[in-house]
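Only one chain comes next, encoded as structure tokens, the form predicted on its own.
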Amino acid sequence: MTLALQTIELGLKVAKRTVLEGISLDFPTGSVTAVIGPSGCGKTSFLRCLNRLTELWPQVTQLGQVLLGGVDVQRSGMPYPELRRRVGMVFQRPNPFPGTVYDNVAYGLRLHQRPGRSELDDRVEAAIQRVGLWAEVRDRLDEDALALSLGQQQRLVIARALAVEPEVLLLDEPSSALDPISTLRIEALITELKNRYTLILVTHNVQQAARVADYTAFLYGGQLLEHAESVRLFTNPQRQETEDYITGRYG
């Protein structure tokens, strides 16, 4: 099994408060891993550790290791832009940049690679095609991205992340602000994208994790209580806390 990403005894402290403690997880290449757990358990903080977004917070100490392709992203001196190109992130609410649909998808390409106009056009189109949005926006590329529906904006943001060819895509509750039809589109997209990328999905929706994830990790109180193939975790959890959570006894 080839690992795209790995955490070893990952911990996070904010001031004197421990947010995450000793989390060791493997993320196989070409898979979807869901991270579930009750509110406040550290899911989003864990996700942000993976591309060092937590370092933007004051009084933060990150412990342990995050290995990307076997390289420690903290101690290797990897520049932030390079790390965040290789480990892209999509947030809970769509966050298109001010500007056109085209410029949103082209942003990272212009920043990192500066291709010529013809290649730029091709890669923007390819990224939008990959998220199933081309038919809806092909005649609207020069329009304001904020004029799109929320579901379209979220797929556009995913296209923006994919345009620079990341190795890993972090998804922080990407459908929580969307209607049911847009949610199904995002789930179908996640399933398609794992053929090309490694995806890590934070979700409060246990059914969503069961539908789309190959593996599921259950966090509780900043600790990893259980991690297994999703089929096994949802049908035969090994911890009582896991069973109580996935059966809805608390959330």
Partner chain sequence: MIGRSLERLAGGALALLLGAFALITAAVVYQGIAALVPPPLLQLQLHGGEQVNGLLLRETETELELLLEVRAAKPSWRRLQRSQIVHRSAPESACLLHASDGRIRLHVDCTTAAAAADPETWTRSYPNAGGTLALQRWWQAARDFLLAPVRPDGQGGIGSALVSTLVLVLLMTVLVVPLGIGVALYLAEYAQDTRLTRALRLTVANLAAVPPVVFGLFGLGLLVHVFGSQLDQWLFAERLPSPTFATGGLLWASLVLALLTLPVVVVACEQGLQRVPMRLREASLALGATRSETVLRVLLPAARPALLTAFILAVARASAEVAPLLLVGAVRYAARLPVSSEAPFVHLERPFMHLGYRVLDLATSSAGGHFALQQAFACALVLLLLVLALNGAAIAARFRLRARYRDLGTP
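All of these numbers come straight from a predicted model, not from anything done at the bench. Positions refer to the first chain, counted from 1.
Just so it is clear, the following notes concern the form predicted in complex with its partner chain, a form of the same protein that is not shown.
Within 4.5 Å of its partner chain in the model of the complex, a heavy atom is found for every one of 91, 95 and 110.
When its partner chain is considered in the model of the complex, residue 155 lies well away from it, no heavy atom lying within 4.5 Å. Remark: residue 194 does not count among the residues lining its partner chain in the model of the complex, judged by a heavy atom distance of 4.5 Å or less. Using a 4.5 angstroms threshold between heavy atoms, residue 48 counts as touching its partner chain in the model of the complex.
The shortest heavy atom separation between residue 130 and its partner chain in the model of the complex exceeds 4.5 Å. Picking from 141 to 149, 70 to 78, 121 to 129, 173 to 181 the stretch near its partner chain in the model of the complex, with a 4.5 Å limit on heavy atoms, gives 141 to 149. The contact with its partner chain in the model of the complex, taken as any heavy atom within 4.5 Å, belongs to 53 out of 210, 225, 53, 66. Of the residues in 158 to 176, those that come within 4.5 Å of its partner chain in the model of the complex through at least one heavy atom are, in sequence order, 160, 161.
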